[in-house]
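As C-alpha cells, one chain now follows by itself in the form predicted alone.
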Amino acid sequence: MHLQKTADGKTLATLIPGDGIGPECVESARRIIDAAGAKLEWEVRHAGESVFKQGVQSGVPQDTIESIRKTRLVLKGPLGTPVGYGEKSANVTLRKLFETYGNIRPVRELPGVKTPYSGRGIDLVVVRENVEDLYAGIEHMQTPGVAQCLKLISAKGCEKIVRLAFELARAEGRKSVACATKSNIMKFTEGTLKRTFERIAKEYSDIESWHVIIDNACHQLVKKPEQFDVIVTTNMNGDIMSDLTSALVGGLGFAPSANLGNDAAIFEAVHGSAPKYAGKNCINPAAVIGSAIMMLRYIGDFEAANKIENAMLVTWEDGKVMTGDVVGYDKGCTTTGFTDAIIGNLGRTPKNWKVRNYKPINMPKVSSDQAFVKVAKRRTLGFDYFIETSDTPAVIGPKVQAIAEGTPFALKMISNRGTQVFPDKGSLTDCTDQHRCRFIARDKNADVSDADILALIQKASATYRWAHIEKLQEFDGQPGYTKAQGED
C-alpha cells in the first residue's frame, strides 16, 4: 500500500475526531503521538452523527472519502448514528468503502488493572472478517411477520482473513491460530471458513492450528483464556467475541483495533461514543491510544510505537494516575491528566512488563478475480419457492402439488422456519406466514432452465403471493444447498 508523504517526509494521515467522547480520546492520542516524535501530519475530516444531521445519509461526506483515498491511513474516534438520521452505521460504511477486510482486536493483561483474570497472562488477538457475513446488511421483510437477513460468506473473503491471521501470528511471534465457527449448523457459510482455514493452515506448519465451535470458544475464553493466541472468525462472531475478550482484561476502555485492507487501514477503539460522558474530561482514552500505537507499527514506526506503549504501561504500573473505569469515577483522574502522565513517562520502561517484539505484517496477496472459485460443471436441479400464506401446510401441500402437475417439477417438501411441515412427519411446528416449497426436477438427471422455473412461478403466483426464490444448484457433483430439518 502506498502511503502519502509530505514534503518534509512525514506520513499524512486522516484524523476523524468522531462523536461523543471521540474528540477527547482522539486529542489525547494525537498529543501523545506528537510528543513521542512520530513523523505524522494530520488531515482532519469528519464523519458520523454530525454529518448524518447535515442530511448525508451515509454519515460519510465526500471530502472525508477523498481524504482517505489520498492518505490511505485513518485514526478515528467512535461514530454515532442518531435515531431518525441515516440508515447504516458510518463505522461499517467506512470499513466497507475501503475494503478493510481484516479487523484486528488485541487484548492483553495490563499492570494495575485488576480483573478476576489477573495473573493468568492473557495475551491474544481476535482476527475478525470485517466486510461480509450478516454485516453485508441485506435485509428484507419477506412477509409481515417474517424478516430475513442474508449471511454472505465468500471463498475469497475467507482466504484473505485466514491468511491475514497466520501472517499476523508470524509478525508478532505467536505460536498458534484457532479458527472459531458455527460450521456444525451453517455448513456452507461458516463451513467455508473452516474448510479454507484447514487448507491454508498446511502452508503455515510453523504455527499450531485447530478449529473450535464458536460457542465452545466463548466457553473456553471464560474458563481458560490463556490457551488462546490468535483466533480467526467471521464478522458477527468476531464482533461478539472481541467484546467478550476485552472484558477479560478490564473492558472496552482498553480495547484498540485496526481495520486492515490492501489499499487502506483504519484504526479505532472498539468502544462506542458514550455520549453521556462526552465533554466531562473523565473518560479512559487508552483504547484510542492503543489504536494509534497499532497505526504507528503499521506504518513501520516501531520506535515511536514502543515508546508510547512503554510509557502507558509504566503509567499503569506506577498506579498513581488511573482513570475512573479502573478505580471508580469519584477517584479517577481526568482524561487530560492521564494523557499528561503518559507524556511525562515517555522514555521510561516498566519493571515487570514487556512490549512484544513486533515485525511488519506481510499482507496476503489474494487473487482479485471475481470468479474466485472455478467449477468444471454445474446444473440446476430445482428451486425453493418462498410464499406468504396463512393456510396450513395440510392445505398448501395439495394445492401446490396440483399446480406442479404437467410441469417438469414435483413438490418434494414444504418447510416453515427450516423444519419440514409437508409431507407431515408429526412435527409440532408453530408455523408463521412464510413457507418454503421445494420443487425438484422429475428427471433426476435434468439441468432445468430458467424458463421452466419462471413458468412454474407464474402459474403458482395465481394461487399464492411469493417473496423470493433460490435455485437448487450442484457444483462439480456436490449439492449447493442444505436440507430442511426432517427432510429425507
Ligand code: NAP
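Note that residue numbering follows the sequence shown and begins at 1. Computed from a prediction, not measured in an experiment: that's the story for all the values here.
There is also a form predicted in complex with the ligand; it is not shown, and the following applies to it.
Asker: Exactly one residue in 95, 156, 174, 194 has a non-hydrogen atom within 4.5 Å of the ligand in the predicted complex; which is it?
Answerer: If I apply the 4.5 Å criterion carefully, the residue I get is 95.
Asker: Going by heavy atom distances of 4.5 angstroms or less, which of 248, 230, 333, 252 would be at the interface with the ligand in the predicted complex?
Answerer: By the 4.5 Å heavy-atom cutoff, the listed residue in contact is 252.
Asker: Answer yes or no: in the predicted complex, does the ligand come within 4.5 Å of a heavy atom in every one of 108, 118 and 311?
Answerer: Checked in the predicted complex: no contact with the ligand for any of the three.
Asker: Looking at the partner-bound form in the predicted complex, is residue 272 within 4.5 Å of the ligand by any heavy atom?
Answerer: Judged by the heavy-atom cut-off of 4.5 Å, residue 272 is in contact with the ligand in the predicted complex.
Asker: Quick check on residue 21: any heavy atom within 4.5 Å of the ligand in the predicted complex?
Answerer: Result yes; residue 21 sits at the interface with the ligand in the predicted complex.
Asker: Going by a heavy atom distance of 4.5 Å, is residue 284 a contact of the ligand in the predicted complex?
Answerer: Flag for residue 284 set to yes.
Asker: Is residue 298 close to the ligand in the predicted complex, meaning a heavy atom pair under 4.5 Å apart or at it?
Answerer: Residue-level check for residue 298: no, no contact with the ligand.
Asker: Want to guess which of 323 to 331, 343 to 351, 365 to 373, 216 to 224 is within 4.5 Å of the ligand in the predicted complex, heavy atoms only?
Answerer: In the other structure, the partner sits against 323 to 331.
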